[in-house]
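Let's start with one chain on its own, the form predicted alone, as structure tokens.
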Amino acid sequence: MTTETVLAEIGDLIREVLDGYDLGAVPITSDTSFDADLAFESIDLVVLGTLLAERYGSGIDLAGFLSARTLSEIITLRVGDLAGYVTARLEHA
């Protein structure tokens, strides 16, 4: 599975998590920031983590991925960073 495919699928999952919120003209790209662009809150990350595990299997551990990062890295996390992680885990599964 390519990073571009994973990125598109993660975009769909993000839209599901933020259903009911007006994303307006915010495109979900590899450069989209979870904090600055999408205003993700911690509960949103929990829900996204659950959806990722349901979609890709238990080898995708968003909590583990985030726990290896500093607070600054989490705040600046971009959708492309997550897509890269998921793609790498799927390639090594």
Partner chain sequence: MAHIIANGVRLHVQRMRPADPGAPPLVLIHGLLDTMASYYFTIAAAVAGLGFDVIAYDLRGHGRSERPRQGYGVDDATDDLTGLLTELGVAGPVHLIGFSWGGTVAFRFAHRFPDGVASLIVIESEPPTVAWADRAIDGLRELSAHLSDAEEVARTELGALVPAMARRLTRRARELAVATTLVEDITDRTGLVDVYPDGWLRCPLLLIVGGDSRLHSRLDAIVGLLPPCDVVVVPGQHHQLLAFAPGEVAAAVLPWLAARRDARAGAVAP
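Positions refer to the first chain, counted from 1. No experiment lies behind these values; they were computed from the predicted model shown.
In what follows, reference is made to the form predicted in complex with its partner chain, a form of this protein that is not presented.
I10: touches its partner chain in the predicted complex, heavy atom cutoff 4.5 angstroms: I10 lies outside the contact set for its partner chain.
V47, heavy atom within 4.5 angstroms of its partner chain in the predicted complex: V47 belongs to the contact set for its partner chain.
Though only this chain appears here, would T29 touch its partner chain in the predicted complex if you measure heavy atom gaps against 4.5 Å? Heavy-atom contact with its partner chain at 4.5 Å: absent for T29.
Whether F40 contacts its partner chain in the predicted complex should be assessed with a 4.5 Å heavy atom distance threshold; does it? Heavy-atom contact with its partner chain at 4.5 Å: present for F40.
Triplet A63, L66 and I75 all within 4.5 Å of its partner chain in the predicted complex via a heavy atom: Looking in the predicted complex, the three residues A63, L66 and I75 all sit within 4.5 Å of its partner chain (heavy atoms).
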